[in-house]
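Only one chain is shown below, in structure tokens, and it's the form predicted alone.
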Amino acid sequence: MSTSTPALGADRRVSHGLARALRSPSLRLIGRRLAAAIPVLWGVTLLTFLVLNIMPGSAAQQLLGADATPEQVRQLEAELNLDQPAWVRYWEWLQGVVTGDLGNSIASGQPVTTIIGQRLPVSVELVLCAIIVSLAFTVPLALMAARRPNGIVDRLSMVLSMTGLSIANYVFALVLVVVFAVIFPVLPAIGFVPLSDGLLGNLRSLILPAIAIGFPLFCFYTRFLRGDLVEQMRGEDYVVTAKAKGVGPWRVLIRHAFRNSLFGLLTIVGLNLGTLIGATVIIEQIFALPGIGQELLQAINNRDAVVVQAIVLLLAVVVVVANLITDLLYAVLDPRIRYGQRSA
């Protein structure tokens, strides 16, 4: 009796702890978002498949070339199972995705998981570098601009931001190549050095593409953060209270206004992730980076539907997960936020 009672009490404590964890607002938020993401991801794959099927040409014709005879094209289509009805091919691919099999590339025959595993790290590193570059310059410039609205720094940041937002990132990428790889040959124009071959070479190969992607983001983030900081410094009660207590202007700006502005900045970064990923497709092509964006363009040119669908699904999952992480970080920045309590 004496040995069973403590064990029973421990079991009850564990069960109560699990019940409290399952009732937590964060877990309910994750559950709702994941449930809503399933039809979204399915719709993305279906729309991608439909678009690929209405495009002119065929993968067999693209692989064999323009000189291939109709008999050769039909034979290759039969070997690749491209002669089956579209809904059959989509259903078989969807069944494979559910079981973790993304299929094999039509063009190369390689497993799609192998292709993604080789290409994805390059794109992830490029995206992270672009985000770091943009935010590293956004925060100090926005703080200095908001400290003295309509001052010299504020006006310069306005001109810089408007200029950056007016130039397409692929045009800016070409300008960077001309300036820093042709006129002043200090950085490589094309190619990628893996991190395993040296940190310095890896960073040098990513500086120009990261700036090409991150500069428009920096311009947008700077104007957004500056405007939010100025609005809070002028009208929020907690700012007035802090100033009345004798707190210095820089301390009010950084410790009070900036902390609250992080919510809006975090939301914008999460929402812009899809645009950021789309920019990598063009930038990787310009700088000849062997990333997922370059592979996507090659797969589209080859009518490699299996690879295209897998990459589009992967990018959709990344965007969904990024937005979910953004929502969860709200609760980390401000513990007073509890998702789902009112809606539950």
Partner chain sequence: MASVPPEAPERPMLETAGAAAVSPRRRRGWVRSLDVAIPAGVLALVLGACFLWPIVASIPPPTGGDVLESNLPPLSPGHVLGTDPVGNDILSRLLHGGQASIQIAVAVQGIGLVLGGSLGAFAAYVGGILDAVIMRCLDVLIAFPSLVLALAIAQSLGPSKVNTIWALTFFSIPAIARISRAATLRLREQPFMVAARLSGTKMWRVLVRHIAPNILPQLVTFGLLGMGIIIILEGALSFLGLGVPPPAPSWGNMIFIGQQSISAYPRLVLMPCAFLFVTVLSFNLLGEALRARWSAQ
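Just so we're clear, the structure is a prediction, and the values are computed from it rather than from any experiment. Residue numbers count along the first chain shown, from 1.
The form predicted together with its partner chain exists for this protein as well; it is not shown, and the discussion that follows is about that form.
message = Looking at 122 to 130, 175 to 183, 84 to 92, 192 to 200, which stretch has residues with any non-hydrogen atom within 4.5 Å of its partner chain in the model of the complex?
response = One stretch meets the cut-off, namely 175 to 183.
message = Can you tell me whether Phe220 touches its partner chain? I mean in the model of the complex, with a 4.5 angstroms heavy atom cut-off.
response = Answer no; every heavy atom of Phe220 is more than 4.5 Å from its partner chain in the model of the complex.
message = Taking any heavy atom pair closer than or equal to 4.5 Å as contact, tell me whether Phe137 reaches its partner chain in the model of the complex.
response = Contact check for Phe137: no, nothing within 4.5 Å of its partner chain in the model of the complex.
ask   = Does Leu296 reach its partner chain in the model of the complex if we count a contact as any heavy atom within 4.5 Å?
value = Because a heavy atom of Leu296 falls inside 4.5 Å of its partner chain in the model of the complex, the answer is yes.
message = With the partner left out here, check for me: in the model of the complex, does some heavy atom of Leu289 sit within 4.5 Å of its partner chain?
response = Result no; Leu289 lies far from its partner chain in the model of the complex.
query = Which pick from Ile167, Ile207, Val73, Ile116 sits with a heavy atom within 4.5 Å of its partner chain in the model of the complex?
reply = Only one listed residue qualifies here, and that residue is Ile167.
ask   = Considering only 261 to 300, what residues come within 4.5 Å of its partner chain in the model of the complex, judged by heavy atoms?
value = Ile277, Gly278, Val281, Ile282, Gln285, Ile286, Leu296, Leu297, Ile300 sit within 4.5 Å of the partner.
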